[in-house]
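Only one chain is included here, represented as structure tokens and corresponding to the form predicted alone.
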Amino acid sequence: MEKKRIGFDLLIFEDTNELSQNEQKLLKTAEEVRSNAYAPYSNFKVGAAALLENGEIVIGSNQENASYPAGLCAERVAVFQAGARFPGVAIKALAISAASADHVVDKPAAPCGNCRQSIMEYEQKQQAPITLLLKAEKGPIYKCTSMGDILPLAFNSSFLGDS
């Protein structure tokens, strides 16, 4: 038997002023687009902003549905829109901002499992990491240098016979 520990370094910032100007702009965009979320069931609004290699910023917000599985998270809206509008252009960073109408969210919310898998697929396709910036209404900002860090044993096309 072999035992192996898998982990990663998470950067935690107390204030957005500690981030680069581009990171601050991306987080601000994610916070602004959060107001476009359609979340009448959960009252949990999420905004996402993807910075592309060509300098474009593509946005997304969560879109719920009374048939819960039919909704879509902000992260996937942004990532899928980036792939559709700018095929072949790498995603450099993804900022995610979460808030609730029912309570104060004081710590960053990481992407759900479906979003992690989708973002990981884009990382693998572009063969370059996607930096994640996570922020709530208040509290710290988390920065992760790659989705692969928080999803280290990701399912990918190699399991399907495509390498």
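Numbering starts at 1 and runs along the sequence shown. None of the values given here were measured: they were computed from a predicted structure.
Omitted here: the form predicted in complex with a small molecule. The next part is about that form.
Contact between Tyr122 and the small molecule in the predicted bound form is not found at the 4.5 Å heavy atom cutoff.
Under a 4.5 angstroms non-hydrogen atom cutoff, the small molecule in the predicted bound form has Ser42 among its neighbouring residues. Although the partner is absent here, Ala93 lies well away from the small molecule in the predicted bound form, with no heavy atom inside 4.5 Å.
The closest heavy atom approach of Val33 to the small molecule in the predicted bound form falls outside 4.5 Å. Shown alone, this chain has one stretch from 122-130, 22-30, 51-59, 104-112 that lies within 4.5 Å of the small molecule in the predicted bound form by heavy atoms: 104-112.
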